[in-house]
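Coming up is one lone chain in structure tokens, specifically the form predicted on its own.
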Amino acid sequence: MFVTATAMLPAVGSLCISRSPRGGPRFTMAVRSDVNVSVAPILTKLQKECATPLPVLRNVADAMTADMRAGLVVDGGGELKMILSYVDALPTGNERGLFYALDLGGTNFRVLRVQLGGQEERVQATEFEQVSIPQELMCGTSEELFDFIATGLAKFAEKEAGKFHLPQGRQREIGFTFSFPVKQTSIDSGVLIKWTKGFSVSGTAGKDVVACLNEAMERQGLDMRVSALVNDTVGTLAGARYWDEDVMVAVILGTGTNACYVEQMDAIPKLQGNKSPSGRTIINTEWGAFSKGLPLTEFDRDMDAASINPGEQIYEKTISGMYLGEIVRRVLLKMAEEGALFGNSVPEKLSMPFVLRTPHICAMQQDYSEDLQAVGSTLYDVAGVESSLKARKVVIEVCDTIVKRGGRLAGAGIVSILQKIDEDSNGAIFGKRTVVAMDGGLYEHYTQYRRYVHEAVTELLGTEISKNVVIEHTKDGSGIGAALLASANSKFDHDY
């Protein structure tokens, strides 16, 4: 409650003069310590429903492993799509030459070139540029969007100089990271199912996106062809595998989430005899669609019901950065409305969906000061919330409850993939060093979340086996991974 400096003091409470998080002096009523803040039952219920003891984690991991198997038998066999990537030639470190990569997955696209020097020199040089996509092209025509991208690529290719050189008589080849729903039909073709992430480009759905890009490059006079179409998770695995042959799994834990892994072709019944010389391929799990056995609350169900895809992507809505802050906001709103967490009034901004984002709850959990000043500042700046120290402590408890559940469930997902591979290889995985390549800002920046992921993996596998499992952060690995896959799937003879 705000009062002016000249106002009469009420009979209860005491006047506090403090610094506003925005910089100026602020006069507020201090909440009396004996005010009934009845949020304890809400917090207790939340913690109980979000609990992830070992039996819950084991159940989730086993259910996901079973779902993976069902998805490998037939398309639609389980919640996990288990999409064939058609990547059966993985980077070895022997790759040589100049290759390009294009990453299209949001409001920007990124272009990259890399000069590969084989086992001795590996990556000799890299360059990249990022280009913002105008809003009008995100809802324009397919030809307009791909012509814009091809123009950017052509300008980037014109600057090729110095350590970058293309052997005479060779066409430039590019790996295309396309992070939208695609029905892949080969290593260098895939039909767009639908646009997401704010794109509504006409004339692309049902068409081969590789053909769209190749035709646009041709229209721009750019002598370049797509030799590999990959999603960002597959690119991350390929990029990490280039440096470490023990990499078997790649996971993205960022705004969204996904995982892929190296699978033996003999373990994929739906392949129906289409085998490659290597006998293995990368499977894109699309694990965000999983839902079995997850510990959910009324806040999860309400958020899901209000989403653009109710009933879908439940695992993603429980563990990824897009949603953690929103779940916390919904909990705090109920505490404010039913338990007077922030006094007698409910801040209007706290009722706005997604006003509290995961970077905000991450910042609050990094506040170790006695008065939790950063927590108070964040609540005030983001949601217009005035908070007592007692309320701030409750907020931290709520953040930790939601983040702990998310991190531990992500850890269970990692174990589900590892145990699937291990079961099919007669224990060959858990008996040796196995690397999980990890990318995504949530894992990279949220210390507590990262710790909970590791704790769950250790609990599920046991101390001894988990020593062989290395979770390795691979920052922005998907770009170079796409270029490496372009090399591995080149139409030209390798000179090594």
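So that there is no doubt, residue numbering starts at 1 and follows the sequence shown. The structure displayed is predicted, hence computed values, not measured ones.
Unshown form predicted together with a small molecule; subsequent notes refer to it.
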From T151, T255, T92, S425: within 4.5 Å of the small molecule in the predicted complex by heavy atoms is T255
Go through V453, M64, M438, L442 and name the one with a heavy atom inside 4.5 Å of the small molecule in the predicted complex. L442
Considering only heavy atoms, tell me if G413 and the small molecule come within 4.5 Å of each other in the predicted complex. no
Taking 4.5 angstroms as the cut-off for heavy atoms, does L72 touch the small molecule in the predicted complex? no
I'd like to know whether C212 contacts the small molecule in the predicted complex, with contact meaning heavy atoms within 4.5 angstroms. no
So in the predicted complex, is the small molecule close enough to T358 to count as touching (4.5 Å, heavy atoms)? yes
Work out which of the listed stretches, 442-450, 428-436, 459-467, 46-54, brings a heavy atom within 4.5 angstroms of the small molecule in the predicted complex. 442-450
